[in-house]
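So this first bit is one chain, no partners, the form predicted alone, shown in structure tokens.
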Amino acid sequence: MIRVAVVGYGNIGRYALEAVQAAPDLELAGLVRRQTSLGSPLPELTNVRTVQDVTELGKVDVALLCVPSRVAPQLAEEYLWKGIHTVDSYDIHGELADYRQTLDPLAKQNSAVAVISAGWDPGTDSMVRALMEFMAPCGITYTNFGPGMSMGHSVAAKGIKGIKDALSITIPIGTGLHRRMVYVELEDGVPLEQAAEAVKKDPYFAQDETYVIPVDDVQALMDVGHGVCMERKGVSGQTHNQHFQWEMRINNPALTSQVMVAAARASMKQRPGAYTMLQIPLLDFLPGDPDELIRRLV
């Protein structure tokens, strides 16, 4: 059994606990969260060992870093120094390659494995994009997200000074373009114009058409559903008009955590280093004997 620690108890952390407990080859070592001493324990955590430092859990093979992307790099480094494999759902696309290169020597030095960006985009969608591209090497792929809640964008907006709570909804315009509808609950006395300007300058929003809308209660709007539709039209060999489509409608944090659990399993089968999901053999994400999987799936 692979002993797994869940680090963080936000949107993804809650579902990650369930996914670990449902996996046939994983054992939940415990939950690491900073607020363990604040107030009464949450009812759903009654039978979950909850600590403030992973060293209190004894042997841990893999840590699922269920934290915002901007926190993940530093936390990954801390765990890799301890020789613990890490899995995160880092979602800042333009920085992924550099992030992996930063963690790779550290992971190798400590005989550990880091799987970065293990979510559905980047993550499984990246794998589908690669599949489409080698099926039709010449062509264009459009990735259209939503409509639905973007966890990374919501966290980024909520972290802006003067914004008490935020929900960012991604609206697909088509051909890979998106509109961001950001619903914000403002602190007393904070002008909407000030908050809106700060949101639109944030790297999460700077490249998209963004609208900031004040509301009285963000939680009244909350829906963690999301989705994606990817299409590629291209050429196989010299044959044109090949058309592929991949579409899904999902519970965002539930799918993200499930992918992270699969990546935790896969991390135990890799040489030390840092990996994206594209670099890992597909069968390594699945439980069971590889030959039996081949018989069933091929």
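Here the structure is a predicted model, which is why all the values come from computation and not from measurement. In case it trips you up, residue 1 is the first one in the sequence shown, and so on.
What follows is about the form predicted in complex with a further copy of the same chain, which we do not show.
Novice: With a 4.5 Å heavy atom cut-off, would you call M127 a contact of a further copy of the same chain in the model of the complex?
Specialist: The answer is yes: M127 has a heavy atom within 4.5 Å of a further copy of the same chain.
Novice: Would M132 count as touching a further copy of the same chain in the model of the complex under a 4.5 Å heavy atom rule?
Specialist: Result yes; M132 sits at the interface with a further copy of the same chain in the model of the complex.
Novice: Just to confirm, N11 within 4.5 Å of a further copy of the same chain in the model of the complex by heavy atoms?
Specialist: Because no heavy atom of N11 falls inside 4.5 Å of a further copy of the same chain in the model of the complex, the answer is no.
Novice: Any of the heavy atoms of S69 lying within 4.5 Å of a further copy of the same chain in the model of the complex?
Specialist: The answer is no: S69 has no heavy atom within 4.5 Å of a further copy of the same chain.
Novice: Does every residue of I2, G30 and D223 put a non-hydrogen atom within 4.5 angstroms of a further copy of the same chain in the model of the complex?
Specialist: Not one of the three qualifies.
Novice: Which residue, M248, M268, L45, V54, has a heavy atom that falls within 4.5 Å of a further copy of the same chain in the model of the complex?
Specialist: Exactly one residue meets the criterion: M248.
Novice: Looking at 149-157, 174-182, 90-98, 212-220, which stretch has residues with any non-hydrogen atom within 4.5 Å of a further copy of the same chain in the model of the complex?
Specialist: Answer to the contact question: 90-98.
Novice: Only counting heavy atoms and a 4.5 Å limit, does any residue of 269-286 reach a further copy of the same chain in the model of the complex, and if so which ones?
Specialist: Residues within 4.5 Å: R271, T276, M277, L278, Q279, I280, P281, L282, L283, F285, L286.
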